[in-house]
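Presented below, as structure tokens, is a lone chain in the form predicted alone.
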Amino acid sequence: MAERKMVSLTIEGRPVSVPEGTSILEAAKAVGILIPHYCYHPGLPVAGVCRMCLVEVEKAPKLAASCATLVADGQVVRVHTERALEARKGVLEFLLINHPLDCPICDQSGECELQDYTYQEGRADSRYRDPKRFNPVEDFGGDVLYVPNRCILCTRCVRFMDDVAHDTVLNVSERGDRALIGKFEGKDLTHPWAGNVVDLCPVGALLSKDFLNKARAWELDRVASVCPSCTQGCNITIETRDSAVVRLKPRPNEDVNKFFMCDYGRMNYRWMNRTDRAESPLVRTEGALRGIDWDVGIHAAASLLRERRVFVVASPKLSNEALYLLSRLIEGSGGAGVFRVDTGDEAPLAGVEDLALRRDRAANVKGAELFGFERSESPLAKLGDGDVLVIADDDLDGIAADDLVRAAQVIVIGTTLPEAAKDAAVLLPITNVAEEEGTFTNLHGRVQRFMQAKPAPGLARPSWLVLGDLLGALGKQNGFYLPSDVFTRIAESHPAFSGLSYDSLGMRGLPVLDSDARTTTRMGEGLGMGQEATR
């Protein structure tokens, strides 16, 4: 690949070199300078309509829109001169003429760019004395409400639907101070990716019905994670309040999901807050499951597994670490592991190559296959008489209790106790994806880390810890104290994961060796180092 020509310039006295064709706004980001902007978004075509990113360029006769002005060699850019500040203050004053001062009741408050820039550069008071324009709230369909009084007409939403979703739904209706975002007749925001317009809106004009009035932005805790709802593996942020997941938002990753996530993944989080969770280890005693200490539960399960053929039905929503440890349980027993996965219609985002809501609705189908689990629509078909059946977080939906009778014993290692497994001998409660740390492997073989977002319920423990202790009780390991220890062992024992570690993965991930992207990748990209190398 030919190297791009680099251009050197100075922004606010800081020298910077960026590839030719970069905008001044993006070049400023590279040296830690944020130029205020509204209409610009790196995932959308440049519009240059808000004029909020005006900066002074030496020898230029007038202020330049930094989002639409490309860098040039020797350019000297000043962001905070009196002239630039006065121009941006004027833009803010115009934007606020009809914008209601309703921050205390606005869902965007605390994460609103109009609020931030007004505090940063705007006037302390308003000179406007006439009544403000008023338009009623409109339901745009799907999960989206439109509050026109707050709209600053940046057109991010219009450009997303036109140029990224390729579904022309929105437009700028009317003109002058009556202008607002409108829908074309017969259209609405029911597109599978339409929820992204809420993330793109820099003010509180487009709101999520699902998140409406749930929490204020400053009440939320945020953790980097990976969407568990399909094999695409979109990078997300899990937002929690009072130990409950209340919102999922996309987290940028140029190699996986750019800046977006689908509505299915966005809305599929309530199961993370289930209240019918298994919260303590149970062992069947005198015909009933009774609570016991973890040590007792682990050794009870280990005693059932010794000298038996082990058959595992695993969920492809489990982490690489858990699936690897399950494969170790099977190892040497002559047993087997299977998984099944819910499916649905694939929904691509037309304007972004290779980004789609995938048919398989679980995050780690590829990981399960790499660790030797076989996909099956009839997961108990190969269960042998006298096997020890391990149910690893599969809900056994559609399976009757009678289908399990061939097993000599049933051990459940899961977040809940399935109805079909109510006669299990042992239940070991584990945490879900929001409650533990680990990795998933997406459909292209990219391994990505997710982090713990909320505490585990009751005495439930991370899946890797439970399975690591179980292997320890069987004498098969004695060195797993962190999920990174398990991953290190995976990298040592599975050639596909060779050379990977939690440190090298960072929070953007890297592909396994047999993936489509294995020939050339960025060894440092997980840490944001940007150095080209070949794995």
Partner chain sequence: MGYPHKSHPRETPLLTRYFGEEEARTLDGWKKRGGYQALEKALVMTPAEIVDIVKESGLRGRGGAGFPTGMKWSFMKPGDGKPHYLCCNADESEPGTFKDREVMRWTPHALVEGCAIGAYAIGAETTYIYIRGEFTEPLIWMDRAIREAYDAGILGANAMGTGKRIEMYVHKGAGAYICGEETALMNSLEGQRGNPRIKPPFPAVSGVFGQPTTINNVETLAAVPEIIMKGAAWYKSMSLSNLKSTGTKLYSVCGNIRYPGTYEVEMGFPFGEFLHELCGGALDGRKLKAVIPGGASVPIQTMAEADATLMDYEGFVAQGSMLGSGGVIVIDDKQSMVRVIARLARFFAHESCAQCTQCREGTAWTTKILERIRDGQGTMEDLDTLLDLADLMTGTTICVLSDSCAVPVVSGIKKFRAEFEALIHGKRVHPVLSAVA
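Everything numeric here is computed off the predicted structure, so don't read it as measured data. Residue numbers count along the first chain shown, from 1.
Beyond what is shown, the protein has a form predicted together with its partner chain; the following relates to that form.
Every residue of the trio Lys62, Tyr128 and Arg175 has some heavy atom no more than 4.5 Å from its partner chain in the model of the complex. Its partner chain is not drawn, but in the model of the complex it has a heavy atom within 4.5 Å of Asn98.
Residue contact check for Val365: none of its heavy atoms lie within 4.5 Å of its partner chain in the model of the complex. When its partner chain is considered in the model of the complex, Gly499 lies well away from it, no heavy atom lying within 4.5 Å. In the model of the complex, its partner chain sits beyond 4.5 Å of every heavy atom of Leu482. Here the chain stands by itself, but in the model of the complex one stretch of 357-365, 137-145, 88-96, 454-462, 88-96, has heavy atoms within 4.5 Å of its partner chain. Note on the partner interface in the model of the complex: the residue among Ala491, Val31, Ala68, Met507 having a heavy atom within 4.5 angstroms of its partner chain is Ala68.
Think of it this way: in the model of the complex, its partner chain has a heavy atom of just one of Leu304, Leu289, Leu200, Leu153 within 4.5 Å, and the residue is Leu153.
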